[in-house]
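One chain comes next, on its own, written as structure tokens: the form predicted alone.
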């Protein structure tokens, strides 16, 4: 079930939030710690009767990620007074003594969720604590903070480790925890929490109702659902899920594409095999890190030395590079007609490798500039290009008119949300004759790109490459052409 955490500061606004999202959710959580202090107990009791879906009553303390700041005695007394309300569940902390408060709620038919929170880590006794709660006849809930992909993988082990517990909730918070919220059934949880679109997240890592119900279709995931995804660090900004998931839906394919924040591919590959992941996209900084784990690679990967697509075959992982063709798609005609003779590539990472090889294969002269100059030198030596410093790149147009680039490609993360103020080459003076191609797609127009637009340059936006390479990945994953609108 999808449970909407109500995060407004008044019951009236919470009810409106519920009504706007009711068709996307199965239940709601009333967070009374987020409400103003003037709310009457009678109004709180009546709230479940105003909703036509089950409501969880929660009053979260500050140390557990909530906002309730009064004494524990005040909080417990408030919860007791609310027991006469028609709440389906009440969330009580595991350390809260069992006794009168439990009996009060149970007499009213309210089920007890016993939760514990670790806002800093995944505790070593995670499964033991949940087992002990279940032995008390309560629903165990753990909200923990993974700090690495190894922590995320451990949360997914809950389905096997705690398979005898019929009803449980285990949640990974923050960016590492996002896959556990989308694939909540794969952890054995009977629900996942979400927030209303446009509202403050109810907890770190909350997705909104639209994403969980319509984009990821989390409630429809079963043991037979094929799992695909994207790995990177960072990765939550990725627009790839918005390309792949609608494609699966339109073709009636039982599959989901999920972002996985991964700090170590060495940890991810064993998990991917154990978890049954069918394929995944690769973004920074792992496009070269994945190479040692591939049993087969395409011609492009062999030449470029960078992989952005990994597909599971019967016995091994196969690496493909769709960045190569995705990059070429918007400018292929210009290259074919010989309009682009000289190019300046900003950056020397995995994406830059694909770009440089694509241009060199069309006979284009390429200058490579990078903040770390030795990386530019290495890539230039491998590709028959020229490495220049950022200062030299800034003067290409002004001092060496015969060398000014026809095409400038910005491959770094400078300007990408949240670093939107960055400009990778602030001293460069555009002539207005260049084609400026930026791989950053969020935001659509960066500071660098805005300067190019103001100078009259033709612009190629990053989403054009993302979409072109994404639909090729889709075919590599599924065997089907991407459905056209």
Ligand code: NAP
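Superpose the two forms; the largest set of C-alphas matching within 1.5 Å is the rigid core. Note that this is a predicted model, so its numbers are computed, not measured. Numbering follows the first chain given and starts at 1.
Just so you know, the form predicted in complex with the named molecule exists too; it's not on screen, but the next bit is about it.
Residue-level contacts in the predicted complex: of 174, 246, 330, 349, one residue has a heavy atom within 4.5 Å of the named molecule, and it is 349. A single residue from the set 284, 221, 96, 364 has any heavy atom within 4.5 angstroms of the named molecule in the predicted complex; that residue is 284.
Figure note: of the listed segments 199-207, 135-143, 368-376, 185-193, the one touching the named molecule in the predicted complex, with heavy atoms no more than 4.5 Å away, is 368-376.
Looking at residue 55, you'd find every heavy atom of it more than 4.5 angstroms from the named molecule in the predicted complex.
Looking at residue 30, you'd find every heavy atom of it more than 4.5 angstroms from the named molecule in the predicted complex. Of the heavy atoms in residue 411, some are within 4.5 Å of the named molecule in the predicted complex. At the 4.5 Å threshold, heavy atoms of residue 42 stay clear of the named molecule in the predicted complex, well away from it. Of all the residues from 455-474, those having a non-hydrogen atom no more than 4.5 Å from the named molecule in the predicted complex are 462, 465, 466, 469. Relative to the superposed core, residue 373 undergoes a C-alpha shift of no less than 2 Å between this form and the one not shown.
The rigid-core alignment places the CA of residue 189 less than 2 Å apart between this form and the one not shown.
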